[in-house]
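In structure tokens, one chain follows: the form predicted on its own.
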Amino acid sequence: MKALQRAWRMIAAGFACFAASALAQTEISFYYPIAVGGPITKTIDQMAADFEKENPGIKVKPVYSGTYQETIVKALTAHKAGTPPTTAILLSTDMYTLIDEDAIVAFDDVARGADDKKWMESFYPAFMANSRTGGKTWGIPFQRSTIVLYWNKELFKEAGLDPNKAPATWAEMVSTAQKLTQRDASGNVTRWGVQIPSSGFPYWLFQGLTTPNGVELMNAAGNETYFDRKEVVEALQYWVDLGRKHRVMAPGVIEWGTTPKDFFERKTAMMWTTTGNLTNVKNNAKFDFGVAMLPASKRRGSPTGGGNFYVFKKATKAQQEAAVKFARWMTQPERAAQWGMDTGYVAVSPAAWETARMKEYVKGFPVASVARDQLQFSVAELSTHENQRVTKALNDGLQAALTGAKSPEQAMKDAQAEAARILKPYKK
């Protein structure tokens, strides 16, 4: 009898173990850079739920962590405390910082299969410029962008301009903006011709001027900058001149956050901002608008921007593998296409643009493809070791020039000296 009871206990224990293993899940935390609430969080929650249905062994816990800047601070603080997220969407330009902090693993070290390698090669090369270094892939493009020019077609028509033609060169942008700028009888501006924001991400918008002027701001190793080059100074002089010489843009600092609102309210006829604002403009502009590549000086061009998936080093092996699976799922062509349509970000792979849904969308809304078409001329966003400190040095210089505190030449000379000082330990 006792032997029989022991046998039943063993069988019951076996069933319990089997049930426990069947229910066991790998939980991954996912930091996403947005404040709590709003349509994007609902979309992310739904995507996480759909992924869990298809992958019952994995539980995804989204954490809405504020701005990109707040998110990297929270992620690195958690990393140092030994409780990092498993994965996070952080700026592509945070790559060197995350590597220097020994906070992340390369995707190649977790995703070793042939299909994984094929997946890592499936993204636009322009996006991978901020995702790879040292022969390894550290970030996977998710919500990526370029800078584009938006214009109000109705105001173009009123000013006697072709409403279907955006300025294609720097000279054309000045002449076009002059015709669009309006003043009242007292000489006060009631509408500006153009706005290029200089708060929030001034270094990024500045690359929308330096890139077309034929110069990049840093090397591929992230340990050298070129802020004082002649072409860089020329680009800054052009930006300053829009406000102070040509008087087609408000002088001084223009707010990043209010620029789309100014566009909607017809306070500016043209604006430069991220393609990530495309859906916002589509939903809120009460007039016909156009979207174009940035005007050229010596060439076309824009920096890429936006966020990548990263996988954290202190996560368990099972969590890292689950995070890679999640990143693959989130960037599948159909899903990447839908994310691009929902948000305005550039769908990150050529395959996403070949989906039937995306083709139909572009057919009805052709401007959606402008940012994609600009990728062939795009360069990496400013990214170096000690990136936040180096970027601050450049931003400080830009604001000094735009406010008239320094000449463009002096501002860039000072910014370069500070960046060189910061990067000196990384020169080999």
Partner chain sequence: MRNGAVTGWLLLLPAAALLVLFTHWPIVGSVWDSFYSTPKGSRPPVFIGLDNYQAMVADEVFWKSLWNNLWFALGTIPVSIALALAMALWVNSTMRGRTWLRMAFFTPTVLPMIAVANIWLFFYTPQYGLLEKLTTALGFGTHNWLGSESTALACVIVVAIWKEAGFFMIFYLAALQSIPPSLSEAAALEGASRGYYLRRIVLPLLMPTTLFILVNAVINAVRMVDHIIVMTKGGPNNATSLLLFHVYQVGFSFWDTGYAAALTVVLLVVLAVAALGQFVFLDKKVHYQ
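Residue numbers count along the first chain shown, from 1. Bear in mind the structure is a predicted one, so any value in this text is a computation, not a measurement.
Same protein, other form: the form predicted together with the partner chain, not shown, and the subject of what follows.
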Hey, in the predicted bound form, does E386 get a heavy atom within 4.5 angstroms of the partner chain? yes
Taking the partner chain as it sits in the predicted bound form, is D262 in contact with it (heavy atom to heavy atom, 4.5 Å or less)? yes
Would K392 show up as a contact with the partner chain in the predicted bound form if we use heavy atoms at 4.5 Å? yes
Taking the partner chain as it sits in the predicted bound form, is R191 near enough to touch it, meaning that at least one heavy atom pair lies within 4.5 angstroms? yes
Which one of these stretches, 134-142, 319-327, 224-232, 67-75, sits within 4.5 Å of the partner chain in the predicted bound form when only heavy atoms are counted? 67-75
Quick one: of E334, D100, D115, D109, which gets a non-hydrogen atom within 4.5 angstroms of the partner chain in the predicted bound form? D100
Among the candidates A400, V370, I44, I34, the residue which, in the predicted bound form, approaches the partner chain to within 4.5 Å (heavy atoms): A400
Across 144-164, which residues bring a heavy atom to within 4.5 Å of the partner chain in the predicted bound form? none
